[in-house]
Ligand code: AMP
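The data below hold one chain only, encoded as structure tokens and taken in the form predicted on its own.
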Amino acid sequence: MNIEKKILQTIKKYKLCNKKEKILVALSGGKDSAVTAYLLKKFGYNLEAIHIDLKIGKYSNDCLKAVKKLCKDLKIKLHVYDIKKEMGSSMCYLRSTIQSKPGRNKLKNCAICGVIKKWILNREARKLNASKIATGHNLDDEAQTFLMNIFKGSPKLSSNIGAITRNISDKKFISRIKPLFYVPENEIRDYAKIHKLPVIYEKCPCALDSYRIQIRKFLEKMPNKTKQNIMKNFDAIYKKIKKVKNSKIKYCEICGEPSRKQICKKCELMKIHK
């Protein structure tokens, strides 16, 4: 089955979206989000795009340039979130300052960046009246996440994994969809190259110490069939994982965004930063 059929099948099976609602595609500048935007546009969905400019020197400049070209080619409206303008600092400065605080030096670069980016995407998508946020997470990404949670002894952290975010419905939470959920990374790379999409293949220069990188290297040796089996096993045990899930959504006392605790992860980090 080719990549286009896989994505159409995933959209249909999980009812990811319809052509009347506005979908906000989170574009990083990489191949996965570019292919997501390209195919959703090709299939006739109502798209706009958002790019978070992390201000990581030349890397961020190259990513922004690629995103702008893609959106111009696809005739998609682009929204750029300038993190330095909106939050006062580049991601590198925010991250290093957080890590310099007592008890936070072991926090990984990608973990901090991921928390902040999720917070930004949800809030900006709501401001733009988007019904869904589409991301470029693929089969490899999801298999890595599931294994990471298993290896850490925290399977309940996988309770939100899925082609569509499995959170309870809330007016402030914008569901995230992953059309590439069952598509292996190597197929996405080939597709992006065949269609000559403007893409930055360079990895983020800050992603040096991520636990995910260790799991990625482990999975790179495995055939796509094995990765698919990992996710089939996840689907088989999801009901049991769901039973230990904290299903209550609160609103952060600081920013008012959806959170599982009194203070959301982003504000917990940023409070230390201040």
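Worth saying up front: this structure is predicted, and the values here are computed from it rather than measured. Throughout, we count residues from 1 along the sequence that is shown.
Separately, the form predicted in complex with the named molecule exists; it is not shown, and the next lines address it.
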Just to be sure I understand the contacts: of L219, I50, L39, M231, which is the one whose heavy atoms reach within 4.5 angstroms of the named molecule in the predicted complex? I50
Look at the stretches 68-76, 183-191, 97-105, 136-144 and give the one with heavy atoms within 4.5 Å of the named molecule in the predicted complex. 136-144
I'd like to check something about V35: if you look in the predicted complex, is any of its heavy atoms closer than or equal to 4.5 Å to a heavy atom of the named molecule? no
Could you confirm whether K132 comes within 4.5 Å of the named molecule in the predicted complex, counting heavy atoms only? no
Non-hydrogen atom contact K117 with the named molecule in the predicted complex at 4.5 angstroms: yes
